[in-house]
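Just the one chain here, the form predicted on its own, laid out as structure tokens.
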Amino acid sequence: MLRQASRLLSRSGSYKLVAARAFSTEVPSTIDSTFVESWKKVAPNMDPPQTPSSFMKPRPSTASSIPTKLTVNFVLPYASELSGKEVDMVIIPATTGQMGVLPGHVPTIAELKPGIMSVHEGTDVKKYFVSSGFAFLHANSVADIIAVEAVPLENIDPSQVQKGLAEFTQKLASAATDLEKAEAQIGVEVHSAMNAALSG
């Protein structure tokens, strides 16, 4: 039935209407009556499907000028490190590489990898080591950064990092199962990133 519905809808000329629709940011929250009427002709016993726009609220309007500051919310499962802090820039360790975030950055979702996150406020730079997480960059110059674990860089003991790296490297070499290998590999990656952060 659905295969026939799509074929009949495309024949009736509704396809041309779909192609001329506005961008998702401009779509009103009302139901497309032309589509519903066409659907009822083809499949009168079925409710029209709901699209993602049926569940979304219209996006808030974007400011006409770029703000001078970036608002950062940096959250851990057990604490809120920064809440509504206005800064000049944040550099995050995304899986795609180091990512500098300035006010007016394009909206993005980025996965974090083990590495240094630095928060720049004037000449003051605060550095954190983050293990993993996500960064949500919004159009209104707000950055929500959620990390599984984070430690200010000055609180990391270099001797403990070296000890942990040696321990996980040995575990990786002697791992017998896939689970042991995966756990050891994660330990090596995190301790290597901490070691690089401290030496660089």
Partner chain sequence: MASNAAVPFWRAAGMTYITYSNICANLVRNCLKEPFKGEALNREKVHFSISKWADGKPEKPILRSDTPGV
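Numbering follows the first chain given and starts at 1. Note that the structure is a prediction, hence the values are computed from the model and not measured.
Beyond the structure shown, there is the form predicted together with the partner chain, which is absent from this document and is the topic of what follows.
- Interface residue remark: Ser192 is not counted as part of the site for the partner chain in the model of the complex, having no heavy atom within 4.5 Å.
- Residue contact with the partner chain in the model of the complex: Val161 places a heavy atom within 4.5 Å of it.
- Val148 belongs to the set of residues with a heavy atom inside 4.5 Å of the partner chain in the model of the complex.
- The partner chain in the model of the complex is approached by Asn155, whose closest heavy atom lies within 4.5 angstroms of it.
- For the candidate spot formed by Asp178, Glu183 and Ile186, every residue has a non-hydrogen atom within 4.5 angstroms of the partner chain in the model of the complex.
- Residues Phe129, Ser131, Ser132, Gly133, Phe134, Val148, Glu149 are the ones in 117-150 with at least one heavy atom within 4.5 Å of the partner chain in the model of the complex, listed in sequence order.
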